[in-house]
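Shown below, as structure tokens, is a lone chain in the form predicted alone; questions about how it binds or moves come after it.
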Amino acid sequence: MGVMSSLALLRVHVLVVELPGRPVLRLRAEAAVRDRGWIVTREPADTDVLLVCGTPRAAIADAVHALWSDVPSPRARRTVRAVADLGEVLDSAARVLEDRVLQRRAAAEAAPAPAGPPPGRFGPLLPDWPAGLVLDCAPGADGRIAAVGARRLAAEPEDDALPAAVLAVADAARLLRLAGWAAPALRLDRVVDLSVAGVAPERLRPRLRSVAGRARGSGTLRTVLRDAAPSVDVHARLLSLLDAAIDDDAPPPPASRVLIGTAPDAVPLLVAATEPGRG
């Protein structure tokens, strides 16, 4: 391995794709990526490795391919179905990134990008989106959502689990990312990583209290969330998730989801704030 190749592998950007039913595998995969000093990204254009968590069934294969087609070369795509395989799969991805002959051949043989989703469709795979949820939103004359069709793709069973409080932290991080609070969201991601590694909850509470205190006291965050999604108190949902995590408990159920009459731009945040906790 040359010096430049070694340096490049220190900055590998990985897009971890959660397939329906595999939220815990996704969280463990993200922890494994960051444990290597690699970077978890949310955008295909900023990706070196597309890591698919679960079995890509026919109903979601096109969505996975659409993400893959937006990943620039050099690139690697790998699928992981079990936590025990994560190390080997990530090692394999690193070898693919380094193989210049393979990369040139793959670029020459790349399949054309699939057609994009129809207008108004959200899902089944989007950054910080519930895996497998598909919403088709039709706008009215004022541009706001006038009709919504919803369906969920079949989920495969997951034989792994994390405490409800850890999943609440992951859900809070999702809300902060969607609100544009990237640094506090990353601090919560680190809490999840440490929880996955077996660190006791009491050792992580100071980090959670720090983020919760900042979120509770920020009028700017409250305003941003209210303006982005006025039909749901997203700020209250965020605090309920953080408080549950601090208390090492399951959060209360979210508010009912109402999308009619809202702006399409608010859909990702509204969905995140009203989705039952899964991580």
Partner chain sequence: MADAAVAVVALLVLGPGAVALRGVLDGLRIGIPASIAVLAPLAEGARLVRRWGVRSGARPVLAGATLVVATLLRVLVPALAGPLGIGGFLVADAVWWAGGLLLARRRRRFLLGALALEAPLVVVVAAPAVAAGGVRIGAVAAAQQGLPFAATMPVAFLLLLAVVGVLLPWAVQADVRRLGGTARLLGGAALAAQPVSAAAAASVLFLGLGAGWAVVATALLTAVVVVAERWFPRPALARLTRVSLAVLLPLGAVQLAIVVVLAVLAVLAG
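These numbers come from a predicted model, not from an experiment. Residue numbers count along the first chain shown, from 1.
The same protein also exists as the form predicted together with its partner chain; that form is not shown, yet it is the one meant from here on.
When contacts are judged by a 4.5 Å heavy atom cut-off, residue 37 counts as touching its partner chain in the model of the complex. Shown alone here, residue 190 lies within 4.5 Å of its partner chain in the model of the complex, counting heavy atoms only. Interface residue remark: residue 92 is not counted as part of the site for its partner chain in the model of the complex, having no heavy atom within 4.5 Å. When contacts are judged by a 4.5 Å heavy atom cut-off, residue 224 counts as touching its partner chain in the model of the complex.
Annotation: in the model of the complex, residues 11, 69 and 113 each come within 4.5 Å of its partner chain through at least one heavy atom. Note on the interface: of 149-157, 128-136, 72-80, 164-172, the segment with non-hydrogen atoms within 4.5 angstroms of its partner chain in the model of the complex is 72-80. Note on contacts: among 206, 140, 198, 180, the single residue with a heavy atom within 4.5 Å of its partner chain in the model of the complex is 180.
Of all the residues from 99-132, those having a non-hydrogen atom no more than 4.5 Å from its partner chain in the model of the complex are 100, 103, 104, 107, 113.
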